[in-house]
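Only one chain comes next, encoded as structure tokens, the form predicted alone.
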């Protein structure tokens, strides 16, 4: 695996018919032992890419590797856990039976798969519902069982398509903790999700797809580096000499004056703080600021020339063809 990449794919291309271009040459790298988030507007190609990695959809063109082998290699796929976006477990099975069935499909023997089902049911918080039929489950419970079956083969890589869809806030917190725990155990977690706040809390790196291409890829800190600055709020109006300082802007309101200091390093604001204190100015707040993942996402979409439902949107992902 080049540079420790679990997924290192190049030039992924997929079209449906003549006019629907779901992927337009995607390059994507996911490093070992990280939580990686894939995001983009509806129709960007996210689910199509995941389905190609899992051989559900055949690409028109694809280079690179997954787990050190060609994408689609059965030896690599045996080390992957997968939670599809629209999974549909047989309603007459219990949660335990779903997990044991998936374990049996991996070739696991009866006793080990029973032990594995017990362990995973407890881990995803479904022990008390283990022997109730799937048809009685809420959407959040189904997602928990979906996570459990994705982990049944103790994978090196787990691909999760909208893992917190339909899960309440408490459940999302528990799933976040689970994903971070998997990362700490050395597993690589790949998440496709539209819940930006969820991704921001758990992901080491992200990629933003727009119109079938990767528009941005990297850590959130790296991608937002240009937006990083400090905000300093003082009581009352600002001193006159503030206007003469480069890279400092201000805005006054009933709560005092907010100073924005451009720059990433804290050393840049120390002289300003010392000068304000020397004048007995009351400093109410100092905080570092950067763009949120949502702001980063909107910038990528805007620069890509695509709105959520605007003309020219690429179909072939969520809500479209596979």
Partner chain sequence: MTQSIALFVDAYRLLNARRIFWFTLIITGLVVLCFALVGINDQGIRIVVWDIEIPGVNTRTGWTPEFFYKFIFNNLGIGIWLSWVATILGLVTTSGMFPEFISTGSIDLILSKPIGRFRLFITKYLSGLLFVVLQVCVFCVGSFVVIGLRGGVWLPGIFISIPLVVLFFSYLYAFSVFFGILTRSTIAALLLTILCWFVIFVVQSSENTLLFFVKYQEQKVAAYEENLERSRTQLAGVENPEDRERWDFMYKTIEVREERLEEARDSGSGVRIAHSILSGAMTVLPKTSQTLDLLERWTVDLADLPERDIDESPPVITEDGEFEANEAEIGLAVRDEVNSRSPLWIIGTSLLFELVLCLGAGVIFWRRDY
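Residue numbers count along the first chain shown, from 1. These numbers come from a predicted model, not from an experiment. The term rigid core refers to the maximal set of C-alpha atoms that superpose within 1.5 Å between the two forms.
What comes next is about the form predicted together with its partner chain, which is not displayed.
Undergrad: So which stretch, 265-273, 49-57, 29-37, 281-289, is the one near its partner chain in the predicted complex (non-hydrogen atoms, 4.5 Å)?
TA: Flagged stretch: 49-57.
Undergrad: Answer with one of 250, 180, 78, 245: the residue that has a non-hydrogen atom within 4.5 Å of its partner chain in the predicted complex.
TA: Of the listed residues, the single hit is 78.
Undergrad: Which listed residue (140, 125, 71, 84) meets the criterion of a heavy atom within 4.5 Å of its partner chain in the predicted complex?
TA: Looking at the other structure, the residue within range turns out to be 84.
Undergrad: Any chance residue 133 has a heavy atom within 4.5 Å of its partner chain in the predicted complex?
TA: Yes, residue 133 is a contact residue.
Undergrad: Does residue 102 reach its partner chain in the predicted complex if we count a contact as any heavy atom within 4.5 Å?
TA: Yes, residue 102 lies within 4.5 Å of its partner chain in the predicted complex.
Undergrad: Tell me, yes or no, whether residue 241 is in contact with its partner chain in the predicted complex, where a contact means a heavy atom of each within 4.5 Å.
TA: No, residue 241 is distant from the partner.
Undergrad: Test of understanding: in the predicted complex, would residue 176 fall inside 4.5 Å of its partner chain by heavy atoms?
TA: No.
Undergrad: Residue by residue through 100-132, which ones have a non-hydrogen atom no more than 4.5 angstroms from its partner chain in the predicted complex?
TA: In sequence order, 101, 102, 104, 105, 106, 107, 108, 109, 113 come within 4.5 Å of the partner.
Undergrad: Classify residue 213 as shifted (yes) or not shifted (no) between the shown form and the other one, where shifted means its C-alpha moves by 2 Å or more with the rigid core superposed.
TA: No, the C-alpha moves less than 2 Å.
Undergrad: Determine, after fitting the two forms on their core, whether residue 113 shows a C-alpha shift of 2 Å or more between the shown form and the other one.
TA: Shift of 2 Å or more: yes.
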